[in-house]
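Heads up, the chain below is alone and in the form predicted on its own; it's given as structure tokens.
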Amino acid sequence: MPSADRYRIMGHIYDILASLYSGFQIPKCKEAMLGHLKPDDEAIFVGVGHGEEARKGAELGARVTVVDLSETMLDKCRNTLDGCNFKHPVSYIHDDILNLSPDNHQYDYVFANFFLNVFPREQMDRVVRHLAELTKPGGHVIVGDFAFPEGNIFARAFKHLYWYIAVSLFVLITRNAFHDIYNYPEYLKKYGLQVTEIKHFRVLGVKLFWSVLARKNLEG
């Protein structure tokens, strides 16, 4: 059974808060790789939240599955998709992503946007491995999130400050893990995924967010 909903409060304001805090760059980051989707591709949106990118994926003709442990977030996603006329019906899963078995189903595209940052490092590592297992050979994993600090000392300091303000709020309200910024390409490569594209999104001229596209080898 799903655990208590830690996003019962934050879930109602999550999208608008993220948009305002990021200068509307987070929505762009979440949707950055949707252009790779083709009609009938099977795509899963993990930690889907309010589901705007899932809606756009379904509008492209993909077979969309959404999963979220938060009932509040899943209800928000249903509200976003309610009344839309898609080529394929959207499947909703209210569960922990680790409970989805790759033996039962794998996907052409696995979207994990602003999802992995809720976990402590060891658990995040485990989830990345599981996302790779849920991906078909030749399929892709997409991670949109806060970008790993790079550049000069001032840019790196700004990125750290920007991140720690955000993560501290979520620690207080949702009891998410407190940690530094993860270097997602390293973890994707660790589990046999080849990073093929990275798009950056800037706030005040600094690359604060990135969308990372990684491909799974055909050998699986």
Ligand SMILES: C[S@@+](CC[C@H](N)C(=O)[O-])C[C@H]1O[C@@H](n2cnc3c(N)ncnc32)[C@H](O)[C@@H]1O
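Because the structure is predicted, anything quoted here is derived from the model rather than measured. One-based numbering along the sequence shown.
One more form of this protein, predicted in complex with this ligand, exists but is not displayed; see below.
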| property | result |
| --- | --- |
| In the predicted complex, the residue from 37, 188, 69, 58 that sits within 4.5 Å of this ligand by heavy atoms | 69 |
| In the predicted complex, residue 48 touching this ligand (heavy atom, 4.5 Å) | yes |
| Touches this ligand in the predicted complex: residue 135 (any heavy atom, 4.5 Å) | no |
| Contact label in the predicted complex: residue 73 to this ligand, heavy atom within 4.5 Å | yes |
| This ligand contact at residue 82 in the predicted complex, heavy atom, 4.5 Å | no |
| Within 4.5 Å of this ligand in the predicted complex, all of 15, 96 and 113 (non-hydrogen atom) | yes |
| Among 148-156, 188-196, 61-69, 161-169, the region lying within 4.5 Å of this ligand in the predicted complex by heavy atom distance | 61-69 |
| Interface residues of 186-204 toward this ligand, as seen in the predicted complex [heavy atoms, 4.5 Å] | none |
